[in-house]
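Only one chain is included here, represented as structure tokens and corresponding to the form predicted alone.
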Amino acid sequence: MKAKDLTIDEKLTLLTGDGNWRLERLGGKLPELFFSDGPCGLRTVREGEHALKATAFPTPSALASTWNRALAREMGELLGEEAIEREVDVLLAPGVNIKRTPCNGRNFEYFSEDPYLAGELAYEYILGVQSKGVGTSVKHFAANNREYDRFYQSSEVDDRTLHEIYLPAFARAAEAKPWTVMCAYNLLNGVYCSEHKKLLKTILREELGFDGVILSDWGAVVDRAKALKATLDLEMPHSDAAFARLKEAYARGEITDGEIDASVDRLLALVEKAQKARPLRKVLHTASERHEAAVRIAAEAAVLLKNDGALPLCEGERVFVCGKKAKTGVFGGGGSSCVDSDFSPAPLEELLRKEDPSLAVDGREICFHDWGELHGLFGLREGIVLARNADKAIVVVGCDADTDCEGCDRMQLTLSPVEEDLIRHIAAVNRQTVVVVYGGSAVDMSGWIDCVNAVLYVNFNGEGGNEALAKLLTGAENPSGKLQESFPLVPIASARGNTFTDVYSEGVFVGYRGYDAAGSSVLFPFGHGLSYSQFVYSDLTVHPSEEGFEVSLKVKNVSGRAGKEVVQLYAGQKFPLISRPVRELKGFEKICLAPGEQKRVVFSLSLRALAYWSPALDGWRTEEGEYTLSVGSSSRDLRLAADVWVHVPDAPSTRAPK
């Protein structure tokens, strides 16, 4: 079926959706096409029904902390299978917006502050979902980096920053051929994203080569006719006013048959694509197997930030566990990504006993609701006595769906005063205190981190979080997660704008790029994460290749414990003609090494990867000159480096520095 086969009223009706979650069926002419949230588990809600139960996987920020492409692909496949079981055609995910500031309340739904890392994991996630015959919707296009006044505030972003920071993850995601892209609520440089012809048509369709359906975020369209002219195909949810506006605009000649038919044909092609993909819709895993996968992802997502010897727990130790979140953990943040799981996790202390029966584990919730209750009441006194008598104390704290939520931003990066006070009370009587921290973004730990022995940051790790945590604490699993964002002392871009505009004055210096350029100290750098194993880097070699350079090195596990290491490649120009970051992530590989094992890791680095966006040339430019290529375990733990000269035959003239 093509647009030419429909009446004008049918065409305009098709552009405005059907109810909350469906594409219009035109009285039975089209099969059903059903959309569903979300990125870490299906939130399937059909009219007149409650949300269906689903597996609560770790959030995208947790998935990104694995730095594991294979796990991103696997999680996508399993989400695709759940979509099949629930007759969902398009999953409204993944979100690839950049974590410009840790204050964004929706950061847990996004991958990283770095566009390369975000793009690589999004690419695999999309391939995983769509391998099952289920479509994806990459969102929120573009520059939606705060929840504060997201419906009204304009993101003021210069062209270079847009192309270097906020578009590359979408560009990489587009290479996976997502079925749809979802526009953002906000304005971009004064124009609503839903009506932004340069953003949607020129950049997304022409520059990035996206030929699928562009749909609105739910309620993001202000003027349906202007959105159509910008090539937005589908407004969701359905709005009678949108149909009336389109019909009026058509009668006045404001929108043309060609514009209408182009969008209608893309929607009809989406329906056809979904029908043709049905043979791929095979469910190969049980609910129990999906849960086990959620546990594995959660275990690999945990980031060991600090460890002065308290972890892993030793055989026969007396362990005291406290903190409200030790009971069930934190599955995810708040908002449209919430998953209604019917899995009830066991308390952490129970799982610790199960994982290592030799441990003598005692647990107390010590649940406080206000500052006054923390001081002088029996629960805390009892906890202090138990902590004093234990070999090690584990305090479980952190953020949750009340602090990290769609629609609002975080007002502070610290934990609540109650939780910080609890940590200090326990640490005062037990030098071997381990703090487990939940969060969807960076947490300021500066007020207490010096008084504790170890810190394990577990993100929002889904329904299998407590099981994964028990394995990590006892040493049954070796931590291998790395931070996908910097944990700052003073965050970049912490201001929220003035409700009219949010000026991206930091430019390309987002996250670690900004902290490095300013020489600022951070609590923990981008890419940081410890292990129970130790790894040695050696033998860095760089050779010219057809596309650029081949970079290789050896990594050896010099400990007696098998472990995984994320090897990170960074590049930076030594004497740039314009202001550029000191270094930028250009490659990563996660490898598993047995005790004493050594592997060679090889990266292929193209000249295009060394380019910056030139507003003067309106395109990408790689400067001829000297570059430093560094490899290491984090952005500030660079073990090996080499300087190379980049020759670009058709590069504009440059002068060497005196």
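Start at 1 and count along the sequence shown; that's the residue number. From a predicted model like this one, the values you see are computed outputs, not experimental measurements.
Heads up, the form predicted in complex with a small molecule isn't pictured, but that's what we're talking about next.
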Residue (of Asp233, Glu113, Asp217, Glu120) lying close to the small molecule in the predicted bound form, criterion heavy atoms within 4.5 Å: Asp217
Of Lys392, His196, Lys139, Arg513, the one that lies within 4.5 Å of the small molecule in the predicted bound form (heavy atoms): Lys139
Full three-residue contact with the small molecule in the predicted bound form, heavy atom 4.5 Å, for Leu92, Arg106 and Ser336: yes
Proximity to the small molecule in the predicted bound form (heavy atom, within 4.5 Å), stretch among 629-637, 35-43, 587-595, 54-62: 35-43
Close approach of Asp149 to the small molecule in the predicted bound form, 4.5 Å, heavy atom: no
Distance check, Glu406 to the small molecule in the predicted bound form, heavy atom within 4.5 Å: yes
Any non-hydrogen atom of Met182 within 4.5 angstroms of the small molecule in the predicted bound form: yes
